[in-house]
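Quick heads-up: it's one chain on its own, the form predicted alone, in structure tokens.
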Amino acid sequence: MTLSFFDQFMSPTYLGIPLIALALSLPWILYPKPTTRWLNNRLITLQGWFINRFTQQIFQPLSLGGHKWATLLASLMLFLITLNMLGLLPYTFTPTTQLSLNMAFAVPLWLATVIIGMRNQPTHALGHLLPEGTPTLLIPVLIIIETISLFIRPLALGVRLTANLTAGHLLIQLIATAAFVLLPLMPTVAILTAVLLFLLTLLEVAVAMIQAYVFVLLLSLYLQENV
């Protein structure tokens, strides 16, 4: 029973072909394409409004050099939100519960921000490793600590997204199983459990959106330090 709870996190295959590629390409098929008409429909207008508001929120604190990342981070935000939300549907697979995929998103983007900082302003980038006014005896220790904290950033990005989504899916499956088992034995308790399941599902919808936003927000903060 315990092992079956984790079967939902295994990458599905069909005839030996991994279906994670299909799951990763599906979000781009769902979004409506811009039209050449003067007036768009409500869905495209809402999509454009959301992207504009998100871009303004993320890039307002950044200098002009960081605005080049607007398209990349906005696309990543939409991509992660869609993957997380589609994973809440029954009989679906959530690619963002795989740590390898999240690390594949986090490491290159984090590394790009570090390389940009080292290329454009190396003194300022290296200055983050040693706060101003540090006592002489603490300089080696602080440099080691700051270096470790720098290299642990992509791991924190990937693990945070993976752990939150994995925990939410496990809770939903555990409570749904409890409601199903209790229904013939204690119907009242089963109904209360189903209400709890509904509330938890609403919470997971919020978590799916918030975690995608936090992922991109932290990347923008790393970018802000290096531009």
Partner chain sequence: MPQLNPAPWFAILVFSWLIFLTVIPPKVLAHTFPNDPTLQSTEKPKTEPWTWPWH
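Take the two forms, find the largest set of C-alpha atoms that superpose within 1.5 Å, and that set is the rigid core. Since we're looking at a predicted model, the values are computed, not measured. Numbering follows the first chain given and starts at 1.
Not pictured, yet referred to below: the form predicted in complex with the partner chain.
**Student:** Are any of the heavy atoms in residue 13 no more than 4.5 Å from a heavy atom of the partner chain in the predicted bound form?
**Tutor:** Contact with the partner chain, no.
**Student:** Hey, in the predicted bound form, is residue 75 touching the partner chain, heavy atoms inside 4.5 Å?
**Tutor:** Within the cut-off, so yes.
**Student:** With the partner left out here, check for me: in the predicted bound form, does some heavy atom of residue 101 sit within 4.5 Å of the partner chain?
**Tutor:** Close contact exists here: in the predicted bound form, residue 101 approaches the partner chain to within 4.5 Å, heavy atoms only.
**Student:** How about residue 166: is it within 4.5 Å of the partner chain in the predicted bound form, going by heavy atoms?
**Tutor:** Looking in the predicted bound form, residue contacts with the partner chain include residue 166, since a heavy atom lies within 4.5 Å.
**Student:** Looking at heavy atoms inside 4.5 Å, which stretch does the partner chain contact in the predicted bound form, given the options 150-158, 137-145, 117-125, 78-86?
**Tutor:** Only one stretch qualifies here: 78-86.
**Student:** Of the residues 196, 51, 181, 174, which one places a heavy atom within 4.5 Å of the partner chain in the predicted bound form?
**Tutor:** That would be 51.
**Student:** Just one of 203, 24, 217, 210 has a heavy atom within 4.5 angstroms of the partner chain in the predicted bound form, so which one?
**Tutor:** Selected residue: 24.
**Student:** For residue 17, is the CA shift between the shown form and the other one at least 2 Å following rigid-core superposition?
**Tutor:** Yes, shifts by 2 Å or more.
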